[in-house]
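Below, in structure tokens: the form predicted on its own, a single chain.
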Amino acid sequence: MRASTDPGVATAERYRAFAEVEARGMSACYERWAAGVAADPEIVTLINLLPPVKRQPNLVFSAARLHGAVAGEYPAFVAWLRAHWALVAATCLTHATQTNEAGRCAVLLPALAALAGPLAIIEVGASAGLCLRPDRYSYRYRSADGGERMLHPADGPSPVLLDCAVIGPVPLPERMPQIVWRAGIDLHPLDVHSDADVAWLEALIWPEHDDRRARLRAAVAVARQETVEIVPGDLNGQIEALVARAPAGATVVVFHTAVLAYLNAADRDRFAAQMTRLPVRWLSNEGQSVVPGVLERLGEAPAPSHSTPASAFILALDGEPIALTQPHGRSLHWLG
């Protein structure tokens, strides 16, 4: 589990880790805010009024931005936070970090397309289900030598275009995988038809990431054209029944991205055991120490670089590492 999401870690340390590992190089604003909080005992005391699971930086900052906090320097932010703390705290108590980044489909698609179809896909921690539509988006894969590979849905280019830099022997697909059934699980599913839910999804996107905000709006428009069931409930409690509902003859793929970090160790172990027992292919895209056993099987990871940052996720198939990915789907480093 990342320090920033671990409720057992002291608040100041959670914010320091978020600044130094997750926000650095990704959001100058969030790096400043998180470093500022880590060094501000008064604000740490304020945040500690929340339950431990609600103190995570991404949740507090997103709640603040939902209510009008403006990206900028820490002194202005902390003055705003003191004045509006009641609003921010109430939102933290009723919301969760449910970032629904369609861009992550770019790192999932090659692995999905390499599986024997047709596919029945199930996403755990599905949020509003935007990642349940990988075959509805267009893709542009770019290699270091300047080469490009474009891929579009069967009915033509999508209004959602996902850009992804690729490194290594990535098995880029020639065509979309055939997905014949799709469903999700989430503790509190978000509704793409709800303006309030979409506003929360926008608030979860980091301040400087205007391209991600535009992509979210386009992906929501695509999602509104086709209803996908997202079952409310705990992933460990719901997954077996949902797998049983998948159509006969389809390869069932259970996937998740940036989800298991919010589970405790016992629940992560329980989920991994279910993935081993159930008749599914298991595709995980999580922080490096999150999925039980995956980091140990990685061996020597490539040195951190601009395209493969230290915060890279591990993409694993059935518990075996196959790639390193940028957390929002911007790059895919396939492991030879």
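A residue's number is simply how far along the shown sequence it sits, counting from 1. The structure presented is a predicted model; accordingly, all values stated were derived computationally and were not measured.
What follows is about the form predicted together with a small molecule, which we do not show.
With the partner omitted here, the residue from G233, P153, P118, G168 that has a non-hydrogen atom within 4.5 angstroms of the small molecule in the predicted bound form is G233.
Here is the short version: of A223, A183, A111, V259, the single residue with a heavy atom within 4.5 Å of the small molecule in the predicted bound form is V259. When contacts are judged by a 4.5 Å heavy atom cut-off, H188 counts as touching the small molecule in the predicted bound form. Contact between E101 and the small molecule in the predicted bound form is found at the 4.5 Å heavy atom cutoff.
The small molecule in the predicted bound form comes within 4.5 Å of no heavy atom belonging to L161. At a distance threshold of 4.5 angstroms between non-hydrogen atoms, L263 is in contact with the small molecule in the predicted bound form. Screening 175 to 183, 86 to 94, 125 to 133, 153 to 161 for residues having heavy atoms within 4.5 Å of the small molecule in the predicted bound form returns a single hit, 125 to 133.
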